[in-house]
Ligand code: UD1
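One chain is shown next in structure tokens, namely the form predicted on its own.
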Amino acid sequence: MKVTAILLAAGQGTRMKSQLPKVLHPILGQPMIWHALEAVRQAANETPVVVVGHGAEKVTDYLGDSARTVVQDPQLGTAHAVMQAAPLLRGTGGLVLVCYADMPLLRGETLARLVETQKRNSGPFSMLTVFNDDPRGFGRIVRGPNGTVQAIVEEYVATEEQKKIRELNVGAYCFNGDWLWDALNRIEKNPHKGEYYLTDAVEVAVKTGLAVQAEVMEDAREAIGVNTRVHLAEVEAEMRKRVNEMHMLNGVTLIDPVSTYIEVGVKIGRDTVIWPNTYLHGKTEIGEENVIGPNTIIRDSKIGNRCKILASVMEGAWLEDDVDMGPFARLRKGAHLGKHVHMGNFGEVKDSYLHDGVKMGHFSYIGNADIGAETNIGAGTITCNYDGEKKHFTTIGEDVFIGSDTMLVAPLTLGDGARTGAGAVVTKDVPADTLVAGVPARAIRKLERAKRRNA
């Protein structure tokens, strides 16, 4: 059966006190509306429709071709918002799933159960409800003797007796599409608010003797909506817990889940251990049997297997297997560390490839460089890659030994087996198996490969 989702995202969100549309505020690295779209895609099989209003251009630009958008202007209530989708959906049949874009904790499987409930319902629609001692301003559900929903009573008009009702309206509905569009035309303007509310669809159905069914949510936390920054933090904390639990159930050890931040979309292999105060962002992929943290930040990076990263920062970097780095190491965009590379504390690498087995001492900077396998980079080494106008490249061969405090003034090439003395300032290419030293560095002698290896 055709199921089309309508997401309501037109509200201004004034209590957020923000220039950014409410539904674009991020939760674990993705806008709020992204989470809502992911959920409805698990329950619907047609391209969703998003009703936009405040900040419509920004929301539409973000959505791109992931959804169809319609504009609600002026904004005259939730029933009026749904009506804006009528030109796209009227006459197409099937079911119409309606929910809010500011409820990012609502799970796809919960919405799928709602859809299944309506498929079994002979009446015009079904709705999600939840039992909760804290009403959070939600309308109360009044049921009839046969268990069907007879009314939704909003809190501002509820009697003291009605306020004791613990079953609440979540704000997610699944309608028979053919019935919905005619019913919306029969909803009257609310005399207190001057708007048209989708909750009044219950009254339209009941007056004609039709059954409205309710699917009770199992987890009340899914019903948390976002209206303020306080709610945003509450939802973020719940989403973090949900994501962290997923990784732990998949074989990842989180020493302290409360102090570990993992964004949605991050991939982590089993038997990896994450220590406290670690932040994993964006499109990060981490293999198996790694030890990450504590106090580590990783964004949009790829990490192989059996790596150890202590108190370090990575952004747009790639570590192959068995890399050891930190503490206080930094990998910037384009850094690539091969297998068994060691990177000491207070080192920095940018836009460079350190091939297998490279040892990079502490307090060093490598930028715009290619470092050959088994090369040793002494402490305090700097590739001087910027001349004030342009970046220049440094190429270092295999099995090279760079002495402490060496300045490599790019563009520069050092051949296989070359050596620099401590404190050298290298401004010219160094042939293979040659020792240079001094300021500026000059060739001291030719090295015999066998002797040098035994030194």
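Note that residue numbering begins at 1 and tracks the sequence as displayed. This one's a predicted model, so the numbers in the text were calculated from it and none came from an experiment.
The discussion below concerns the form predicted together with this ligand, not included here.
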In the predicted complex, does Y365 come within 4.5 Å of this ligand, counting heavy atoms only? no
Answer yes if any heavy atom of Q150 is within 4.5 Å of a heavy atom of this ligand in the predicted complex; otherwise answer no. no
4.5 Å heavy atom contact, T78 to this ligand in the predicted complex: yes
A101: heavy atom within 4.5 Å of this ligand in the predicted complex? yes
Taking L254, W275 and S301 as a possible spot, do all three reach this ligand in the predicted complex with a heavy atom inside 4.5 Å? no
Please pick, from N227, N376, N121, N305, the one residue with any non-hydrogen atom lying within 4.5 angstroms of this ligand in the predicted complex. N227
State the residue from T110, N385, N169, S352 whose non-hydrogen atoms include one within 4.5 Å of this ligand in the predicted complex. N169
Within 4.5 Å of this ligand in the predicted complex, heavy atom basis, the matching stretch of 266-274, 365-373, 213-221, 151-159 is 151-159
Given a 4.5 Å distance limit between heavy atoms, list every residue of 1-39 close to this ligand in the predicted complex, or none if there are none. L8, A9, A10, G11
